[in-house]
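Single chain ahead, by itself, as structure tokens, in the form predicted alone.
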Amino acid sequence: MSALTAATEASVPKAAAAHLRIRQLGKRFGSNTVLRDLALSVEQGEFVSLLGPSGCGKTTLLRLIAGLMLPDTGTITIGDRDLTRTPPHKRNVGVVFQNYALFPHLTVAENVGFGLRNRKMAAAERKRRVAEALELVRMQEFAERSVTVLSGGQQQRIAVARAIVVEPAILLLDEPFSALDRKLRETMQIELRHILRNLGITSIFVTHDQDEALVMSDRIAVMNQGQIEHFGPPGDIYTNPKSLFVLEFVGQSTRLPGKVLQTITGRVEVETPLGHIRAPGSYLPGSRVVVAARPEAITLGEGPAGEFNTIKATLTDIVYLGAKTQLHFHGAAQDEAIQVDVARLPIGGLAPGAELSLRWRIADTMLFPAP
């Protein structure tokens, strides 16, 4: 029984030891440093997203792991093998490219079995493995069709089947959903996560879409200027970002500049354009900082002073989004943008121009050094 068959019966447990280990990785293109002393450890069976803006180095890192380019410094180890200088075809790494890179002159089955043919696998075994892979992605009835007649979502499934049929040591995915419409993209995210977790394949996923990374990942590596600023579970990335960049890149937030007045028993009091705001932490008086809160943490009305920050702001817009409604506010100086996400809260009678009290828990207030 192959790993593909066994995967439909039970999930493969995750091992404690790191399966992919990257140390001091560096890459330059001329005078441009793309990666700088980057380190990353990924466990067996883990799904990790590389998240960041264009030019942050995430696709370069993926290509280095695949062997499609070589690093200037550092090492890449998969399992117990140092693959830093190993050619791509000897790494046992599967890749799903952004444009799928299917062969238009081959049938669906021939595309899926291409890697097995290159490995000189016997025809009967190759046919069986291809059938298993197509069944996993629910495309078995398309086996003899040309890939040119398939929809974008179907082509994406075939690209995934071709990558997993060789039972790779690690699977690399380079923004494979970018060409799909939103509804299909969301469906494929859940299906692919289910397939890969059942197979127990260690996967590295490149995306610039924060929602996509939050939905699919066991852990997320948020990259900026060739380095990883925060590596952790989605919940930790969102609720406890390690830097102002991570806060701004992952999710929406209300941010106010300020100056630290004092620190008392683990709480910092900050003077901001909208009044005094308290946050957990410890800073020297006079420090320039940024205080922040997520939109869903803010609600209407005042709260007990010992537990909540309360400010007054002017409502400027009401945006209905189905499951939630966004309320947009400005402070008195009209420079402080505040967003409140409201779910199942009566907002009837509210209109732009109303001055309202807003509150959020001191414990939900985030604090960062000013850039």
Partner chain sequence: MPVLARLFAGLMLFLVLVFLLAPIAIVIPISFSPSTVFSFPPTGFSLRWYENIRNADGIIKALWLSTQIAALSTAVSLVLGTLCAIAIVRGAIPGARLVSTFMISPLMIPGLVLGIAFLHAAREVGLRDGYIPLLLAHVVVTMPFIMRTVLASLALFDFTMVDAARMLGCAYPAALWRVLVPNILPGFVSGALFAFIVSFDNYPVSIFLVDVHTKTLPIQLLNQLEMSPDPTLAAVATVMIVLTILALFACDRLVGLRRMAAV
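Residue numbers count along the first chain shown, from 1. As the structure is a computational prediction, the values presented were derived from the model and not from experiment.
Quick note: we don't show the form predicted together with the partner chain, though the next part is all about it.
Is there a heavy atom of Phe231 lying 4.5 Å or less from a heavy atom of the partner chain in the predicted complex?
No - in the predicted complex, heavy atoms of Phe231 and the partner chain never come within 4.5 Å of each other.
Check Pro88 for me: does it contact the partner chain in the predicted complex (non-hydrogen atoms, 4.5 angstroms)?
Contact with the partner chain, yes.
Against the partner chain in the predicted complex, would Arg182 count as a contact residue? Criterion: heavy atoms within 4.5 Å.
Outside the cut-off, so no.
Report whether the minimum heavy atom distance between Leu68 and the partner chain in the predicted complex is within 4.5 Å.
Looking in the predicted complex, residue contacts with the partner chain include Leu68, since a heavy atom lies within 4.5 Å.
Find the only residue in Val215, Ala131, Ala101, Leu261 having a heavy atom within 4.5 Å of the partner chain in the predicted complex.
So the residue touching the partner chain in the predicted complex, by this definition, is Ala101.
Within 4.5 Å, heavy atoms only, which of Ile76, Val270, Val222, Val95 is in contact with the partner chain in the predicted complex?
The residue from Ile76, Val270, Val222, Val95 that makes the contact is Val95.
Which one, 103-111, 186-194, 248-256, 199-207, holds residues whose non-hydrogen atoms are within 4.5 Å of the partner chain in the predicted complex?
Of the stretches listed, the one contacting the partner is 103-111.
Heavy atoms within 4.5 Å of the partner chain in the predicted complex is the criterion; list the residues of 109-125 that meet it.
Contacts from 109-125: Phe114, Gly115, Arg117, Asn118.
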